[in-house]
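What follows is a single chain, given as structure tokens, in the form predicted on its own.
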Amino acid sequence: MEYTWRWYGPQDPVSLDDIRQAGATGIVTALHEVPPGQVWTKELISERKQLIETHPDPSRSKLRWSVVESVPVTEAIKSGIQGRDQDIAVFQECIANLGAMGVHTLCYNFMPVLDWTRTDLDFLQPDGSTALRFDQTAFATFDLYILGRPGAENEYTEAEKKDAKAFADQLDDEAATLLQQNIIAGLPGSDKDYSLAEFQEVLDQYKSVDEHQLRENLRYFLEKVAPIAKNANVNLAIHPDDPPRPLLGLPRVVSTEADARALLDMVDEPCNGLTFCTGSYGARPDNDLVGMMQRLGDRIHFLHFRSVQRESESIIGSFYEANHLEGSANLVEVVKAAVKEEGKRRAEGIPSSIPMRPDHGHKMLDDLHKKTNPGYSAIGRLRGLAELRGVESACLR
């Protein structure tokens, strides 16, 4: 596998030199300063690529821009409203420009309104490190009692509503504000920080979009962009839903193996593929991660390796980010399956090295006292990358 690292650009507290020392050779990044719906020009791509791939000291370890994560898919595209064709044309131009500049893997997502969602960004672990957590009761509390979304009460069981009411009753103003911020403000992938009123307005944009319609909007998008990607030699790698379930009345259509297969069948071209995120898919107890890697491997263009600890093995509910070789996922077996997939590709004369990055590491050691992007501190991911490299090395012996 190609060892990669997500980097948020020149303002990221984790520098390119830090990444070199971590043992990664590939950079996963985006032009975060370009607003959604605007073209990534060849000039901007070239400037960022040069920053990543050149260094004043030629003896420094080489890096390359391996994966784009992400060119944002606008809400107009996902909801299918007026303006989507214009935004798709912009996305097409971004694909063509990336391919022309030598960046050939593009991770994107099709989650309405929000990217990954958590209720706690500093969930204390027994060893003193902190993790990201999604707590079903806290989320229901936000939905029912802080946002007050119309119709939300119909989407929870009586037990869930009772637990949420008890949770809400013990929240003070500061805790309620923190919960709101954790869910809707400033997470990577979100376009902006929303007030509650603004957030509800965006949710209302999806009132007439059910699961079927969102899937058709995804099909429409793929049929427009996949031919451009094929011509530009760019692999499209959709990221699964996180959490992999409907939220806030919004449908989700990339949560299961059946969802992934349906997406691949929409445009049956090798360039139309997957980001295989073991944490996102692994939050559902009904997803067989090893089997998915084996069955879908030829269309996996990018690997996100992380493990979550599920609270229940019977329902899709609460979870937190575990250490990479712990939690509910068996990442050792998933890595074995990825190594076998690369072997199959080599035997068929296909480029075999799949970009892999450690995802959502714990905040630990010195990073506990630093300002970092949630889930993307240096030392927790360093630990994860080291563990995963060790597993792969053992598999190759």
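Note that the structure is a prediction, hence the values are computed from the model and not measured. Just count from 1 along the sequence shown to find any residue number.
Heads up, the form predicted together with a small molecule isn't pictured, but that's what we're talking about next.
Contact check for F139, S255 and R284: none of the three has a heavy atom within 4.5 Å of the small molecule in the predicted complex. The contact with the small molecule in the predicted complex, taken as any heavy atom within 4.5 Å, belongs to D115 out of D143, E160, E93, D115. Taking the partner from the other structure, the small molecule in the predicted complex has a heavy atom within 4.5 Å of a heavy atom of N109. When the small molecule is considered in the predicted complex, H360 lines it closely, a heavy atom lying within 4.5 Å. In the predicted complex, no heavy atom of K78 sits within 4.5 Å of the small molecule.
Contact annotation for H304: at least one heavy atom lies within 4.5 Å of the small molecule in the predicted complex. Residues with any non-hydrogen atom within 4.5 angstroms of the small molecule in the predicted complex fall in just one of 216-224, 151-159, 68-76, 263-271: 68-76.
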